[in-house]
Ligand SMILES: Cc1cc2nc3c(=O)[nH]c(=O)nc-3n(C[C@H](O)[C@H](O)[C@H](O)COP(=O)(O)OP(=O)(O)OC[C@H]3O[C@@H](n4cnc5c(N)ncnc54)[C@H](O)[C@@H]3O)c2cc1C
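Only one chain is included here, represented as structure tokens and corresponding to the form predicted on its own.
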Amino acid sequence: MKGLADYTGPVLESCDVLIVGSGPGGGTLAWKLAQSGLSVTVVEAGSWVKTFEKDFGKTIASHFWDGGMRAVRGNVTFPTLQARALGGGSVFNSAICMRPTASALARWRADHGLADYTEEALAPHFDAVEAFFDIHPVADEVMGRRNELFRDACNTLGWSVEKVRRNERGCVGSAECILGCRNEAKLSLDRRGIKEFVEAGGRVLTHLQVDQLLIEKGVAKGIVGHVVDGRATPLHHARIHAKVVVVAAGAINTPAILRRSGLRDRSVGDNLRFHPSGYLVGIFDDRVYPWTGATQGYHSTQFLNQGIKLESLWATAPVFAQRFPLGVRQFKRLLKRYDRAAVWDTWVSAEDSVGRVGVIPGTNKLDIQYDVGRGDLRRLQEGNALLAELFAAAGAREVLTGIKGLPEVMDAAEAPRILREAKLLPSDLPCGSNHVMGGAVMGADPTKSVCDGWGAVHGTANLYLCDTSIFPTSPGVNPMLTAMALAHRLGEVLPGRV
């Protein structure tokens, strides 16, 4: 790709607009600015991934921050994976694209003064992004039995069920989205957006890790950082000057960069949000071959107004084998029946759970704290019970939850009752989340927010934020499409502000 390089020497450049991060926010903004006539540079800490591994461990060790070991601590401890690669999280996700709920936007308007955040005002930006990234429902021919069972179970129970909408073209149903699409069907930002940006004359510098922003007398002037190798080891200093700096490094790294740059007095790092999630494994009499079909083909929004979403899912066999009992006989018995397994997940919007991102003084190491609130614990517990109901309705014989204190293997018909009656603590539920939001939230009140509704940082000129870190709460759905639409929206006004 012309203009794209992995630099191994000192970098000293200048440009009109510098974008830190190439994921859904930064990459979409770069595409939108491609025809503006501005000199635009995108810097990315990771590499341009051209070959994908089938090994989950190798993938996260090579292409995720902290070698895939980044974790959250509080009344729960769970892993959270943030990609370190050109295209960001869009390279290693399931490509689910959903517009925010009307109720979420209403809260943003009422509670955070974001008067322009109406469905009507945002619709043109969603329309443009959905058209450019070819977002459409999963095709029937690539669903696979695992997804079809989820659909049939929802229909049996009378619950809503919809095909997942994704940014892809030519999916063959290999269930490898989370490892990166080896079939080159997923239209992640490295393949769609950054490509057009470079073709229009934009510049991308990979392996360039930003340490902090250059800020002089309240005006952003650029960044300082390091050229790094594949293991994020610093090699050379880098300094880039720009008229406007846009930080789009994700909800963990964006507030960390701001804090290292001295912006610590306006809720920077606070109001961190996740979608805590869990999954169940169901064992059927008939073969399911769960490793075939779209990674996530169907989902149910039946309980979305309660903050609970249900989805079909696949990643890799070693990941889901963690639900198997440790006893040798049971483990071997279930391993022999792995071709008869299905995996479905749930996540909650977590409106009463909050965390923060901090930087350990004197280091670049992050301190990520998060507590799951009582209401969200109940929602997670109910989400797991709803998954168990789905498995029972689909004809599963056994259900595996991995929840502390509960039977390792449960009869599918009994599992919903057992799950609902259990007295659980947050730490009892095995959960995780790769949907991260907040940490540098937007709002009209500078005393309660980091930036305004356009992402312009309060009190610091020529500095913008453009990723999920600006979300004041959950959008009520998978967050990627909202980040892309808001990036498109910023891209329309930014040329006039440079």
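Bear in mind that the values here come from a model prediction, so they are computed numbers and not experimental data. Residues carry their position along the shown sequence, with the first being 1.
The discussion below concerns the form predicted in complex with this ligand, not included here.
Contact assignment for this ligand in the predicted bound form, among L258, L280, L390, A248, heavy atom within 4.5 Å
Looking at the other structure, the residue within range turns out to be A248.
Listed residue (S267, S174, Q209, Q302) with a non-hydrogen atom within 4.5 angstroms of this ligand in the predicted bound form
None of the other options qualify; the answer is Q209.
Quick one: which of 31-39, 457-465, 443-451, 430-438 gets within 4.5 Å of this ligand in the predicted bound form, going by heavy atoms?
Every other range fails; the passing one is 430-438.
Is it the case that G21, even though its partner is missing from this view, gets within 4.5 Å of this ligand in the predicted bound form, heavy atoms only?
G21: contacts this ligand in the predicted bound form.
I'd like to know if F52 sits close to this ligand in the predicted bound form, meaning any non-hydrogen atom pair within 4.5 angstroms.
So F52 does not count as contacting this ligand.
Do N478 and this ligand share at least one heavy atom pair within 4.5 Å in the predicted bound form?
Although this ligand is absent here, N478 would touch it in the predicted bound form, with heavy atoms inside 4.5 Å.
Going by a heavy atom distance of 4.5 Å, is W48 a contact of this ligand in the predicted bound form?
Because no heavy atom of W48 falls inside 4.5 Å of this ligand in the predicted bound form, the answer is no.
If you apply a 4.5 angstroms heavy atom cut-off, which residues in 79-99 are near this ligand in the predicted bound form?
Residues within 4.5 Å: L81, A83, R84, A85, G88, G89, S90, F92, N93, S94, A95, I96.
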